[in-house]
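Two forms, one chain: they're shown below as structure tokens, one block per form, named structure 1 and structure 2.
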Structure 1
């Protein structure tokens, strides 16, 4: 009887998980479906859940007219810069927070957590004023990278701190006894052991940088340097909105990151839970 109840419980939980997954994935499904519809079928009543005659030429249209390749290159440039800055600076900060415990470390950790909840729309105005005064906006993509890095840094530090805490201190102490410095033990011992957690956190930071909108829209005025998140809004015209083209642009923009997430989901989950036992 207990086995039967356990099977029923698992079936119920599995059904609930499928329902929740369907709710979260439906916007993605609707994006792809809408990109293949005609403008008239998009607003059909009742709605069409499958396109009658898929309009594949919409994808060719956006490749020819929107210069999406340039936008994607800008997105990759910004996301890569954000990832490098965040990893280089954040790894050291996460290590210190993981290894040294004091009231000041706890205050720093609390401050980092509070910085994570600040929305970009609140921070963009003081950042714009400060970067203008410093002349950083003469290189708008660099300014955008620094602004996004400041936003993503708390998230990266919290994830990597858990990975560093899962590494025994005895390994570092043995390296110090063998003559390594603290920095040498960090580079030679700790970083290789924490690489899974760091790589997963870096991938999540790359995704955030790739899809960021607020800082890019506020700090980059030159259309040639804008990322794909801004380029997609060029289809939003005052009188006519070609929703199928917008959805095709969005599908092209989202699919590479979605594919990477699906392929690396196991590593992402293992990296996120690497410090759970600590």
Structure 2
């Protein structure tokens, strides 16, 4: 009897999960479908859930006629920069925060969490002013990388700190007694053991950098330096809105990242949830 109840409960929960997943994924689906429709069928009533004849030429069009390649290059440049800055600075910070115990460490952690709370739209004005007066906006993509890194840092530090804390201190101490220096033990013992955690965190940071909008929109004025997140909105022209082109652009933009996420999802989940010693 209870087994039957259990089964029914599982079925209900599974259905709810499916529905929620469908709601979340519907916009994604709609993006792909719309990108393959003709302009007239986009506005058909009732809406067409499957495109009649897929209009692949839309993809060829945006590939040839828009500057999507340039935009994507900029996105990759910014995402890579953000990841490098975040990982290099953040891993060191996370290690210190994981290994030293004092009231100052607790204060530092709290401050880091505070940073995570502040929305970019609030931060962007002071950052703009500061970067302008420092001359950093001469190199707008570098400025954007720094601004985004400040935003991604807390998340990374907290993930990375957890990875370091799961590594027993005695391993480092054994390395010290075996003849290693503090830095050597960090590089030879701690980093390899925390590798999975760090890689997963870095991947998430890369995705954040790749999709970032607010700082890029505010700090990069020159069209040629803008990333794809901005480039896409350039299609929203006042009079003619070519939805299928925008959706094809969007699909080209997010598909690689989605694919990476799907391929690596098992690693990502285990890297986030398990200790580093598995």
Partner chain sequence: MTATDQKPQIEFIDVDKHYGSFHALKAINLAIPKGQFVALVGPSGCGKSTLLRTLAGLEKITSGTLNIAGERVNDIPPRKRDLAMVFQSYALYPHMNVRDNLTYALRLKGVSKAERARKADEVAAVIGLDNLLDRKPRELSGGQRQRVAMGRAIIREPKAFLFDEPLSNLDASLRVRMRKEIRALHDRIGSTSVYVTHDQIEAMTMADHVVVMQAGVIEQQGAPLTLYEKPVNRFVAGFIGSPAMNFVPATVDDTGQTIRLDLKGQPTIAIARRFPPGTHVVAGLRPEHVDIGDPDAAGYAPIKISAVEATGSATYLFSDDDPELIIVAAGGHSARAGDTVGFKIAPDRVHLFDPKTGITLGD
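Residue numbers count along the first chain shown, from 1. In this text, rigid core is short for the largest set of C-alphas that superpose within 1.5 Å between two forms. Note that this is a predicted model, so its numbers are computed, not measured.
Legend: structure 1 corresponds to the form predicted on its own, while structure 2 does not.
For residue 259, a C-alpha deviation below 2 angstroms is recorded between structures 1 and 2 after rigid-core alignment.
Its Cα shifted by 2.7 Å, residue 15 is compared between structures 1 and 2 on a rigid core fit.
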